[in-house]
Structure formats: C-alpha cells, structure tokens
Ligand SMILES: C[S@@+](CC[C@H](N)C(=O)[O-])C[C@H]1O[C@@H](n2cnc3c(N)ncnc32)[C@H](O)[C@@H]1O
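This document opens with one chain alone, in structure tokens, the form predicted on its own.
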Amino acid sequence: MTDSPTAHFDKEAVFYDKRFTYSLIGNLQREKVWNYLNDFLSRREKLDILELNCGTGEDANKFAELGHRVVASDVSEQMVSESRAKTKRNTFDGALDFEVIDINQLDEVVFDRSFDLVFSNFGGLNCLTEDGLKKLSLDLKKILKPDGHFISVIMPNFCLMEHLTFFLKLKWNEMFRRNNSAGLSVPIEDGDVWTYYYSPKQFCSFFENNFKIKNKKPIGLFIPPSYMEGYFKKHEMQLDFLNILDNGLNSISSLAGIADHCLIDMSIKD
C-alpha cells in the first residue's frame, strides 16, 4: 500500500528544519523573503494573518513575535506538531494558533475572523494543480478583507542556477525538468510528492478574476536550490559571492521567473 503525500510530509517533518530551515541555503532564501515581508509589514498596523503550508512554523513564529495574530496551517499533523513544540521555546507579543488544514478543503473551514494577509512560503502551493489554484483564488477572496493581500512564494518552471548546474554536469536531459505541464515526482523523506511548476505569469492567471498583481520578486536568483547544500557547506565563500550577486539583482521583478523561488504579492480587485 502506497503512503499518501501527507504521510510523506509527516515523515519529513522531523528532518525539515535541519535540512532546510537552518541550512545555509535555507537561511539565505528565507532572508530574501523576509526582506520583502518586513517592508510590507512596516507600513501596516498589527494584522490578522493566515499562513498556508506553514511547515514547522518558522515564519508563523516570526509574524507572532512582531505582534500579529496568526493562524498557521498545514495538511501534515506532524508538521503542526513540530510547529507547536517550537513555539513553546519562544515568547512573543501576538496570538498564534496552529491548525491541521487541507488547503484543498479551505472552503470547508470556518474562521472566526477575516484576514489582512494570507501567506504561503517555499513552494507549498506547487502541490496544487491548475484547478486547485483556481479554487484557491475563490476561497481566498471569501476570507480576505477587502484591502487584504495574498503573498506566495512558489517554485517557477525555470531556475537559472539549476539549469546551469545540470548543463555543467552534462545532465542535459534534466535541464528543463521543471518545464513539464504534467508535473514532476519530487522525492522527499521516504517517498515522492507530485509537484507542479508554473511561470509567474501562468500562476497569476489562475487568480486574475479575483486578484491584481502588486509585486513580483526573485528569491534565490543566484542562491542555489537547497539540494546543493552539501556542496556549498564545503565552499561557503562561493555561496557568499552568489549572495552578493543575488542582493544586487533581486529587486528586478522581471527576473522572478528564473530564480529558484518567486515571491508574488497580490491584492483583491476593487
């Protein structure tokens, strides 16, 4: 009997922080996301925030530390368990609740309030099909406040650093692996999860009836994908140099579609 994708994420949960959250590459990529979030949050009062695909709660804790009211959700019970355990080690000014929620069934969840911000980091939405994303657009419109924002960080269907890596390794059949409309089976702990990669333009098209684009930003333009952590732990000076290049160009929105991740900020249409 084959485990469900949720079961694989449950097994991944205990390793996730070590493999990504606290890794060199994970820290640098999250720093890029929070550079944008800090600017976004600094111009607003304390917010009601819903996080989708919260993983082990790293971002949720940061929101709460800043005094915001946060509902952080994930389909994996073990991810939520890890998040709650992590939260016990922190003190913060805001309210923070963790909930097990299947993003495909978001319309069945009754929240006690609407939200100023819905946030999803590091490719959680890449698990959704086109139809799933179109449904999400409708679901989010119902739970966001009229001036609310939806900020997501997805994996686009082309990654410059991945492309160059496969080229130099002569793995030419892998160079365009993300550019597959049927999706890709991606290995995680003890299993595979079907993953769909979208260009920023394509991703935004699924939300165009309800949302307008406010901003796009490359996340990891030169900072490589996390599976290259082993190499760069031995060559940290090279990673430092790539980070300098990244910082110099990551404000150019037109480059969002060739980075490892892409941040997209949308607001509800008037």
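Numbering starts at 1 and runs along the sequence shown. What you see is a predicted model; the values in this text were computed from it and never measured.
Keep in mind the form predicted together with the ligand is missing from the figure; the text below concerns it.
The closest non-hydrogen atom of residue 152 lies beyond 4.5 Å of the ligand in the predicted bound form.
In the predicted bound form, residue 102 approaches the ligand with a heavy atom inside 4.5 Å. Taking the partner from elsewhere, residue 49 is found to have every heavy atom lying beyond 4.5 Å of the ligand in the predicted bound form. Although the partner is absent from this view, residue 223 stays clear of the ligand in the predicted bound form, with no non-hydrogen atom inside 4.5 angstroms.
Only one segment in the set 108-116, 72-80, 132-140, 174-182 has any non-hydrogen atom within 4.5 angstroms of the ligand in the predicted bound form, and it is 72-80.
Annotation for 34-60: interface residues with the ligand in the predicted bound form are 51, 53, 54, 55, 59 [heavy atom within 4.5 Å].
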